[in-house]
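Before any questions on binding or motion, here is one chain by itself as structure tokens, the form predicted on its own.
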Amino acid sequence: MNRPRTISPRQLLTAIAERAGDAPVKRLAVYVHIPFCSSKCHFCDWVTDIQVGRLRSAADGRAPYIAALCDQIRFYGPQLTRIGYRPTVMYWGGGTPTRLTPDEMRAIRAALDDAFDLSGLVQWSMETTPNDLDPDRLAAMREMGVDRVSVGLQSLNPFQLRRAGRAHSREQALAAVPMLRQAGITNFNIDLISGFPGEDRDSFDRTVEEVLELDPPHVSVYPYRATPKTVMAMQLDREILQAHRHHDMVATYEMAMERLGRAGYHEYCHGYWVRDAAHEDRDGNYKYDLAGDKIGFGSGAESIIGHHLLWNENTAYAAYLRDPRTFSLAHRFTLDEPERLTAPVGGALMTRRGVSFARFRRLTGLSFAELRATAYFTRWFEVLGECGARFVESDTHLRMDPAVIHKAYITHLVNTTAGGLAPRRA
């Protein structure tokens, strides 16, 4: 892969406008990245290169970032509006957006109001952890227009929460759902992790059972991944913890599948479960990169817009504070660097609909057939096949057989911890 490169903000906007298409109104997903947390979780790959002091910044430490973030939003928003983009979904992630005070949230909302026409939003989601929820924050979120919240529980086993480095308790986790409902937020998601090292299947089964008793509209189940440089991965390397075998990882996830299915949920994207099928389009479309153009604001945020991949590196925090308008990577998609499309194509394949060839061309400017024929993607699809994936193809789409997505995904996790091409040994 060639070295990351960038261009000036004005050159970038010109390039996006040239490739944005002729539609007078273009749907846009807006992502706002908040790089602060109350703890450095032992499994999280996002925090590996972030010093604890910066991660847990107090208000005075957060102020320069919020100023830079608002500047970036106010610069790009009006330009994208002129090109024809209109936000339809908003997502604040991180990190933990609810680490912000209500006034900090309102400052960012004011920048978004200045920059975009938000009248077309159909959903505004925000991530949280149970320990960062309180009535004042929830009131501010409702006042701003947040109508969906994603709650990172991960587990309800107190010992597992401590081992994972979580800052919240079991009691706080159980209190989060009634607090959301009392605040008037009835559309929310509970996030869980299956196959944590050292957590037996019965313990996770009890967590799933207790979560279902809370009757959430959405549940996410992520199989554990031993990402290099995380505390848990290093503990596995040193044999402080014992990793689950592949068949146990699959069995644990299948247990969750069975319980969720019996409770009336269906899986619209690998790991994402919804109780009401009517919510699938509205709540699921922004969950993978080939759903539509998206602009990401903040250090660590990624965008796919106007045939470009834009990225502000997580490790380039100081550079972002100095110049939030210049992306550290601005890459126009080409067949010369097909690996840049691994994540969005992989994300689309995790959904029931898979990759739409027409949508892929509109978003990237490339032919999916030609991308698939590159040496990199030829080998990439071979790897997925070696992991157990089966593909269903029509004239318009390529999707993975939903009956085997979870097995193929977990096999790939177990055999490719660093995220690159692997098997032949799986």
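Every value quoted in this text rests on a predicted model; they were computed, and no experiment measured them. All residue numbers refer to positions in the sequence shown, first residue = 1.
One more form of this protein should be noted, the form predicted together with a small molecule, which is absent from this view; the next part is about it.
When contacts are defined as a non-hydrogen atom within 4.5 Å, all of 44, 128 and 166 contact the small molecule in the model of the complex.
Stretch 94-102 is the answer when you ask which of 134-142, 203-211, 67-75, 94-102 has residues with heavy atoms within 4.5 Å of the small molecule in the model of the complex. Checking 317, 265, 224, 311 for any heavy atom within 4.5 Å of the small molecule in the model of the complex turns up a single hit: 224. Site annotation in the model of the complex: the residue of 271, 296, 152, 338 reaching within 4.5 Å of the small molecule with a heavy atom is 152.
When contacts are judged by a 4.5 Å heavy atom cut-off, residue 243 does not count as touching the small molecule in the model of the complex. The closest heavy atom approach of residue 199 to the small molecule in the model of the complex falls outside 4.5 Å. The closest non-hydrogen atom of residue 147 lies beyond 4.5 Å of the small molecule in the model of the complex. Shown alone here, residue 330 lies farther than 4.5 Å from the small molecule in the model of the complex, counting heavy atoms only.
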